[in-house]
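In structure tokens, the next block holds one chain alone, the form predicted alone.
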Amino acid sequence: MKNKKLIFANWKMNFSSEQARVLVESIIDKLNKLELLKGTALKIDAEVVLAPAFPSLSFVSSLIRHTGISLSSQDVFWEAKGPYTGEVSPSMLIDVGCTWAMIGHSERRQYLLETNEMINKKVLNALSQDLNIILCVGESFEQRRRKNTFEAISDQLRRGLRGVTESQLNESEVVIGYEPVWVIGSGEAASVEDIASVHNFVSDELKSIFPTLKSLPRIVYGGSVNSENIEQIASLSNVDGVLVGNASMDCDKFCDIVLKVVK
């Protein structure tokens, strides 16, 4: 699916099981009515991934089975098992139906003080279990103000992917999610010029890290994506999809984004 557009829904710390059920069933019904999904599979040249909170993973997995929609966790731990209270391993995620894990989201870097070294250990452990990952990178407002955007993103990429082999990338998938921290939750995405510039930079960095890899990781944009700005963002040649936050928690808004991405 590496050549397909990716629409990744991050529900963050929201929804009871009942609320998740209503949203998932509404999304499935809406995609069917839009003829983007028919019964047991997506009809579109795109991949839709839902990332609910940990308690809802198994439940959501049962709802999306045979729909073509994929399931992701919002995090994963760097050990397979052991005395790590509150943590969840790749095998546990796979057991409840996950094929993806999100790693390095800016909110975890900010609020839980996750370092690039911690993130790298999570990346390596997830890939060792054939779990696909979306690795999030992005600059803060202060880094942007000081014109350190590329330096910050390069550091996050190179430390986060340290030790990842090209053979691992052929067995599992790594997607890079560019999320400028300064726009998350603001309601206003970065300019298309800024997005294109950073995506080009990330692409060049990936070519440098994996010089003989034939198919480079997809790069998706995240940061106040909504149904008003999605067409401009999705039209950029170097944007392979979007990581959607607030808008993914509204059926009509999310399905409109999916529709506009695949137009």
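So that there is no doubt, residue numbering starts at 1 and follows the sequence shown. Keep in mind it's a predicted model, so treat the numbers as computed, not measured.
Just so it is clear, the following notes concern the form predicted in complex with 1,3-dihydroxyacetonephosphate, a form of the same protein that is not shown.
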message: Which residue, 126, 119, 98, 102, is the contact with 1,3-dihydroxyacetonephosphate in the predicted complex, using a 4.5 Å heavy atom cutoff?
response: 102
- prompt: Which one of 27, 48, 225, 220 is close to 1,3-dihydroxyacetonephosphate in the predicted complex, taking close to mean a heavy atom within 4.5 Å?
  reply: 225
query: Is there a non-hydrogen atom of residue 114 within 4.5 angstroms of a non-hydrogen atom of 1,3-dihydroxyacetonephosphate in the predicted complex?
result: no
query: Any chance residue 107 has a heavy atom within 4.5 Å of 1,3-dihydroxyacetonephosphate in the predicted complex?
result: yes
message: Taking 1,3-dihydroxyacetonephosphate as it sits in the predicted complex, is residue 21 in contact with it (heavy atom to heavy atom, 4.5 Å or less)?
response: no
- request: Answer with yes or no whether residue 183 is in contact with 1,3-dihydroxyacetonephosphate in the predicted complex, where contact means some heavy atom within 4.5 Å.
  value: yes
query: Since the partner is left out here, which residues of 8-22 would have a heavy atom within 4.5 Å of 1,3-dihydroxyacetonephosphate in the predicted complex?
result: 10, 12
